[in-house]
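A single chain comes next, written as structure tokens; it is the form predicted on its own.
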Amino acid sequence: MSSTLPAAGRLDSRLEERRRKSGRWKIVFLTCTIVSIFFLAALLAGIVNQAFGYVLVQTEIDPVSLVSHGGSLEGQDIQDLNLILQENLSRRLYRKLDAESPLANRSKTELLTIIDTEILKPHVVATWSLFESVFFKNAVIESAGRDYMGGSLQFRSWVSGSLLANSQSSDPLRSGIRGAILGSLLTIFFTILIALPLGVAAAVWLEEYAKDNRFNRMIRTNIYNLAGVPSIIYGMLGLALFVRAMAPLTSGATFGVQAEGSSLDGRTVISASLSLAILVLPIIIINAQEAMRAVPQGLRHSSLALGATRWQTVWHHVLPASADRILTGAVLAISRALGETAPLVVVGASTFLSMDPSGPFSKFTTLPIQIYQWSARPQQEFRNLAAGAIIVLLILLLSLNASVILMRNKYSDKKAASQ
């Protein structure tokens, strides 16, 4: 009986060739990883470089000229600050501010803020990047004194509490992303609330109930195709279906709960959430299918053999065993939906909105839209604001993903302990 195994020398040469191929591919993969990390680090460095640095701020009035007996504004008491406001504000504006809340009862910080906003009116005349501010500090100081008359040179972090607390403004020193953050959180909340149950339910039907016939195979193929459709297509679908065809519903007019300041055109949070839900639905379905497919068939057979129905088997055994993988798909869906811009522009997200969204029927803007709008402005200070907003968006995205991952890990540990 002849042996089918190669000779010892030939076998050794084949093993050596496989080792060499493995080593070459290992080098290729390692190189690709290093290049990816390099470009990611360069991207983050560019963002951080614009989010911090020296800023030259000038005011319309010299702050020293407001203090008659010398000193600084910060050193004045409340009575002196009230006197400065009375002397420098118009009577109409002074009465308006006093009617909103008596100026005599306001804190020193509030009075200084009013003086800064209504009298001094600071504005940015020049900005420098973090790299220039750190490595060419003397040159920056010299340039600020030589090329600009007056002004205050200060190191500024564009990622600050005021960025998070303020609403949008035409003044970069006072503009913020409060409304954009609330809009992003509301949009993502309703997107997941709609897409996750529908996606998991569709995956359960396709994986556990649907027969293996031509029609169901076509459905599965189309779901995979939909996962690769450009997001702008979903935006056009949302515009036609949710904004125009379903305007009475998505604007809240049908329910009599139309938000203040919104119109009847359906350009609301719920329209954006429905559009994003359709966008991420294929991702959730595919990941949920793969998660349930990884559950051993023996678990299903054991449950059915003990007399459980198919639904009881799915609910009590299949879904709990695949929940951690399904949550991983939810993380991917959140990541994509949170960073989308194109479908929201088509659906009607506002590029400038000073009001905060208060519910599903409110007008809205989101962080990606806000970043896009600021980065398109010609002033450098708005691009600095965009860099700060990008950092906030990354932190928000990482926080949401981390919370879902912690939930998944906690559930996996609990499942392992029960077994």
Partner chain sequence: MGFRKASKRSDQPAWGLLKRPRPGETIIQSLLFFAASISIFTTFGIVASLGIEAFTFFKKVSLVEFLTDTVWQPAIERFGILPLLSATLVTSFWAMLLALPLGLVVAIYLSEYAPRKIRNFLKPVLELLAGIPTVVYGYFALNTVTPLIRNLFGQQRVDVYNTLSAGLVMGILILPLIASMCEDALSSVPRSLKEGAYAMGANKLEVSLTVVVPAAFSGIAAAFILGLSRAVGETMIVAMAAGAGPNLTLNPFKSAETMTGHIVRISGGDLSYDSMDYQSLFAIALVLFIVTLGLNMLSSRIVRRFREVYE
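Here the rigid core means the biggest group of C-alpha atoms that line up within 1.5 Å when the two forms are laid on top of each other. Residue numbers count along the first chain shown, from 1. None of these values were measured; they are calculated from a predicted model.
Keep in mind that the form predicted together with the partner chain is missing from the display, and what follows is about it.
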Kindly indicate whether 155, 175 and 406 are, all three, within 4.5 angstroms of the partner chain in the predicted bound form, using heavy atoms.
-> no
In the predicted bound form, which of 203-211, 175-183, 76-84, 107-115 comes within 4.5 Å of the partner chain (heavy atoms)?
-> 203-211
In this chain shown alone, the residue from 254, 225, 162, 169 with a heavy atom within 4.5 Å of the partner chain in the predicted bound form is 225
Among the candidate residues 102, 150, 248, 230, which is the single one with a non-hydrogen atom no more than 4.5 Å from the partner chain in the predicted bound form?
-> 230
Given that the partner is absent here, does residue 400 sit within 4.5 Å of the partner chain in the predicted bound form, heavy atoms only?
-> no
Is residue 142 close to the partner chain in the predicted bound form, meaning a heavy atom pair under 4.5 Å apart or at it?
-> no
Residue 22: heavy atom within 4.5 Å of the partner chain in the predicted bound form?
-> yes
So, in the predicted bound form, is residue 325 in contact with the partner chain at a 4.5 angstroms heavy atom limit?
-> no
Any residue of 234-248 with a heavy atom within 4.5 Å of the partner chain in the predicted bound form counts; write them all down in order.
-> 234, 236, 237, 239, 240, 243, 244
Any CA movement of 2 Å or more for residue 354 between the shown form and the other one, core superposed?
-> no
Core-aligned, is the CA shift for residue 377 between the shown form and the other one 2 angstroms or more?
-> no
